[in-house]
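In structure tokens, one chain follows: the form predicted on its own.
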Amino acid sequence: MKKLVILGAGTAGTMILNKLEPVLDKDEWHITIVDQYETHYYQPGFLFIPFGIYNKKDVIKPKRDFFPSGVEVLFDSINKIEPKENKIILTNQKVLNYDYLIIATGCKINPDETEGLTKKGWYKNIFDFYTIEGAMGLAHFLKYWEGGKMVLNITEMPIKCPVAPLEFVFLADWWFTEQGIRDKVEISFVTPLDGAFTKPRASKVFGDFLSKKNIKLVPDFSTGSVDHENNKIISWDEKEVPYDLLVTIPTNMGDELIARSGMGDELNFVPTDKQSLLSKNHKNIFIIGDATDLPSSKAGSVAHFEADVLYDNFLSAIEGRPLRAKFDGHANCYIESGFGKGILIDFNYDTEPLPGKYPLPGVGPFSLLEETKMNHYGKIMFRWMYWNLLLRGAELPIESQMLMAGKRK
């Protein structure tokens, strides 16, 4: 019997499991999925927790709720992968052999990568919102905060969900207005990029939004250290930004098991063919989601589009056929802009976000690169779609390849 092992039961791993399990002959294939944590987090919801829109129970469910029957599930940590031997060694020394491996181990924040970040100010007046602990701690802090300098700082790229920092400051502008203290809060958006976003046209649009909302943009700031005694962040070229509240997006890195296995780059991301999603170094290993080193966004929509491509290419690989399905870097993101409105962007490797209508040309109902109430509703509806459709591998009426129909150049 052939063996497929999926490492990681987050968004990407769960989606590809649910797509492949129904079509692999159970007399020929044994599927195992491995993850060290039993709780599934709806990570886009972390953004809403500091502002009291969601609470903890809105963003967590047991991972077992989303696994099909007949799949071997192991909740255990992994020591390392030995790709030349086609085996995985768990921390309890159990060995898993595989014929094919799908790596979906994601990425996480590593605040210890920045000098001083996790010293005395950590979770006192320095918070992340990329973990449930950080989001809950920040919610408690904001409940009693009376104002001052709030700095959002992206330490370095790439990061999971590149639009989330923008959403945070847009929602903060709305929330402080609702609390009646917006005039007492100075908001700064401090980024290593040369603008508000990675793509030039969208960067200008978002930069204009920051200006309109009286949020100061500080570009080209490469964070070197945090001086928690004097409440300031310091760049490698010795620029300084003072804060009373620091909301940090620390260095994002792939799982440490990738480093232990000698399979990753300096940030523990796995070298991946940008179109086929096959490992650049091993012909029976595919990579999906945030674990890849692809020049695409690390976001749930990207994992969804990748899953469609990986599904086709996996079936081709096991049948000895060429891998013809190609991932084009497609991403689309709903961006909360505050006050019950949102923005939508749709782009890929080669095409930056453009204005237009989505998903139906000329009809929408969503507007691209524009602020509308409908885009806000799309963001809110996404949580239901995530739990009930996306994780379960359901087919959606959205192409994995980005379409130009409905877009205006």
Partner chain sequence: MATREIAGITVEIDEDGYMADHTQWNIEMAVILAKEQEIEELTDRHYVVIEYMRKEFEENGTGPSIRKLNKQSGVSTKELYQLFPGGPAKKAAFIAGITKPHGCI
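Please read these numbers as outputs of a predicted model, since none were measured by experiment. Positions refer to the first chain, counted from 1.
What follows is about the form predicted in complex with the partner chain, which we do not show.
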Give a yes or no on whether every one of 157, 236 and 295 sits within 4.5 angstroms of the partner chain in the predicted bound form by heavy atom. yes
Students should find that, of 229, 183, 266, 133, the residue having a non-hydrogen atom no more than 4.5 angstroms from the partner chain in the predicted bound form is 266
In this chain shown alone, the residue from 199, 149, 282, 326 with a heavy atom within 4.5 Å of the partner chain in the predicted bound form is 199
Name the stretch, out of 86-94, 205-213, 168-176, 190-198, where some heavy atom lies within 4.5 Å of the partner chain in the predicted bound form. 190-198
Should residue 76 be classed as touching the partner chain in the predicted bound form when contacts are defined as heavy atoms within 4.5 Å? no
Do residue 137 and the partner chain come within 4.5 Å of each other in the predicted bound form, heavy atoms counted? no
Counting only non-hydrogen atoms and a 4.5 angstroms cut-off, does residue 251 reach the partner chain in the predicted bound form? yes
Residue 256 near the partner chain in the predicted bound form, any heavy atom under 4.5 Å? no
Partner contacts in the predicted bound form for 109-130 (non-hydrogen atom within 4.5 angstroms of the partner chain): 113
